[in-house]
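Before any questions on how it binds or moves, here is one chain, the form predicted on its own, in structure tokens.
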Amino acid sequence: MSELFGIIGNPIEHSLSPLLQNEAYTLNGIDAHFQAFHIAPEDLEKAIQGMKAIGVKGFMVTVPFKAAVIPYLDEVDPIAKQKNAVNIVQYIDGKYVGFNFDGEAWLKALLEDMGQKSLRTEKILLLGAGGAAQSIYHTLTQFAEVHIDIANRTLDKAEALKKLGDSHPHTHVISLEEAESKQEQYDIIIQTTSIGMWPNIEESPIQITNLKTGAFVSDIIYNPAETKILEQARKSGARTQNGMKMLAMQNALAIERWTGQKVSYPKMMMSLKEALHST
């Protein structure tokens, strides 16, 4: 019998994970189907119970549920618990167990595009304090010499995120206004919110007008392929990266986690580019 996997989020209509997953199943002879589930926040607990009842063997988690889903899982991997965010859930021995590979997928994509093997002493601006930001921040704190400014619309959430990495010596919380005013100081800017995602493609958390020479701007959004902040960064001379590589790596890791089979990450990248080009 074909196994059922999925992704939960709100909104979820834009997700290309179903395309990537179902194509990978076909190419690799995996007897499974992948489904997107649009869930209202107030229905999250019932939705998780319902997915277990109908036999969903694993699911990915996207905005806005990466942290909110944790209380409704049976177990959470220690690293995901530290990050306070889950992006992959697997059904193991009758239990839903949460994992998180967001930070690792993002870092691998970043270093690949920057042509570096590691981060060193870069000054980094992290925009946002949600589930994806939590995972990425946790990953960044492994580099003791980088300087990290966290900027978010709600400063309390940014302060809570900072506490996840209390041992990191160079983290500060600032307002979005301050981040915008000192943008020329940053080597790397990371946009982790849903601001600028389709269909609200004209929105941006800050306005990019004056970047440091050689700056790198990363946005985890992949639809549109170039968000407003990436467009402004490109026009300001920065190197830019959208969320496509991170998404492809997340999906490849999910399939390996669920089925034990490795799938082609480059093939997923090709499929993503074709899908976004046709929209």
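One rule holds for the numbers: they count along the sequence shown, beginning at 1. We call the rigid core the largest set of C-alpha positions that still match within 1.5 Å between the two forms. Remember, it's a predicted structure, so these values are computed and weren't measured experimentally.
Beyond the structure shown, there is the form predicted in complex with a small molecule, which is absent from this document and is the topic of what follows.
**Student:** Taking the small molecule as it sits in the model of the complex, is residue 193 near enough to touch it, meaning that at least one heavy atom pair lies within 4.5 angstroms?
**Tutor:** Residue 193: yes, in contact with the small molecule in the model of the complex.
**Student:** Given that the small molecule is not shown alongside this chain, does residue 123 nevertheless sit within 4.5 Å of it in the model of the complex, heavy atom to heavy atom?
**Tutor:** Result no; residue 123 lies far from the small molecule in the model of the complex.
**Student:** Considering non-hydrogen atoms and a 4.5 Å limit, does the small molecule approach residue 152 in the model of the complex?
**Tutor:** Yes, residue 152 lies within 4.5 Å of the small molecule in the model of the complex.
**Student:** Please tell me whether any heavy atom belonging to residue 103 falls inside 4.5 Å of a heavy atom of the small molecule, as the geometry stands in the model of the complex.
**Tutor:** Because no heavy atom of residue 103 falls inside 4.5 Å of the small molecule in the model of the complex, the answer is no.
**Student:** Pick from 162-170, 123-131, 90-98, 72-80: which stretch has non-hydrogen atoms within 4.5 Å of the small molecule in the model of the complex?
**Tutor:** It is 123-131 that comes within 4.5 Å of the partner.
**Student:** Heavy atom within 4.5 Å of the small molecule in the model of the complex: which of 157, 147, 182, 108?
**Tutor:** That would be 157.
**Student:** Checking residue 222 here: with the core superposed, does its CA move 2 Å or more between this form and the one not shown?
**Tutor:** Residue 222 C-alpha, core-superposed: shift of less than 2 Å.
**Student:** Taking the rigid core as the superposition reference, indicate whether the CA of residue 129 shifts 2 angstroms or more between this form and the one not shown.
**Tutor:** Superposed on the core, residue 129 moves its C-alpha less than 2 Å between this form and the one not shown.
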